[in-house]
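First, one chain by itself: the form predicted alone, in structure tokens.
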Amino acid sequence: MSRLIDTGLEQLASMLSHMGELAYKTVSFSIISCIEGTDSHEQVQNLSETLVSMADEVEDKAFELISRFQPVASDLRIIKSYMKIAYDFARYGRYALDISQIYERLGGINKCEDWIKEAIREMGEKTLSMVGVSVKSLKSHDAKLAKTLAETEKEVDTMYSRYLDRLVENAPSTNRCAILTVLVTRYLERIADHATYIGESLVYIATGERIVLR
């Protein structure tokens, strides 16, 4: 028999699903604009602000469900996890905005050395794939898929460390490229971390198991 709270949980899941799609779009815009040297700062800023607003709406809805329906432990597990995921989606937007702000100040990486462009492109694609997996896992509550984020996050960390090492060894032609790309890679690495946080929340929702994917 359907419970009154079930409708509210479905609404909450729908809000998060939409938020996830928007978060993917925001990160994608920021990475592409940085790599290709196009200006999407205003668009990314608007999307980032929307994600923050949506995270607040998710939180409000969650507290409404708690206050109205006195959820049981399994419901509280879902509600708590959804609130954390909403926060992580908002952080996707925040780091995407940081990347676009770097472009505003320093330009894109399209004029940097080829090995730099390739390193950023590879890390950007890997990070964006993690965002996509986190959104897909949310929609299906797929704990197995969520756990795959751990290995990909290690790959992103390795890319980040390898890039910094190579940057020191092969000083780029301008300090602008060094500053620009160190900041971009750091933000990409942080987005990847938040993808694993979402994965942890999804495993908790699906199985009740608390795990660390980092």
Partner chain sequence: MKQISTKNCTHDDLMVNDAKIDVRKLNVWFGDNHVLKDINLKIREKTVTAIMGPSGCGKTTLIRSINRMNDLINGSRTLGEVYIDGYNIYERNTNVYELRRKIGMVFQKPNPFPKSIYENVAFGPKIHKMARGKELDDIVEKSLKEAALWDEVKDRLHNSAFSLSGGQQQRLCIARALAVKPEIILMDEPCSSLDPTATARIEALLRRLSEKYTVVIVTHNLQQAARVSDFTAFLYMGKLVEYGDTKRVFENPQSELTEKYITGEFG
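The model shown is predicted, which means the values in this text are computed figures rather than measured ones. Positions refer to the first chain, counted from 1.
Missing here is the form predicted together with its partner chain; even so, the following discussion is about that form.
Within this chain, residue 74 lines the site of its partner chain in the predicted bound form, having a heavy atom no more than 4.5 Å away. In the predicted bound form, its partner chain lies within 4.5 Å of some heavy atom of residue 70.
Using a 4.5 angstroms threshold between heavy atoms, residue 141 stays clear of its partner chain in the predicted bound form. At the 4.5 Å threshold, heavy atoms of residue 204 reach its partner chain in the predicted bound form. Heavy atoms within 4.5 Å of its partner chain in the predicted bound form belong, among the stretches 77-85, 105-113, 118-126, 133-141, to residues of 77-85. Note on the partner interface in the predicted bound form: the residue among 186, 147, 41, 176 having a heavy atom within 4.5 angstroms of its partner chain is 147.
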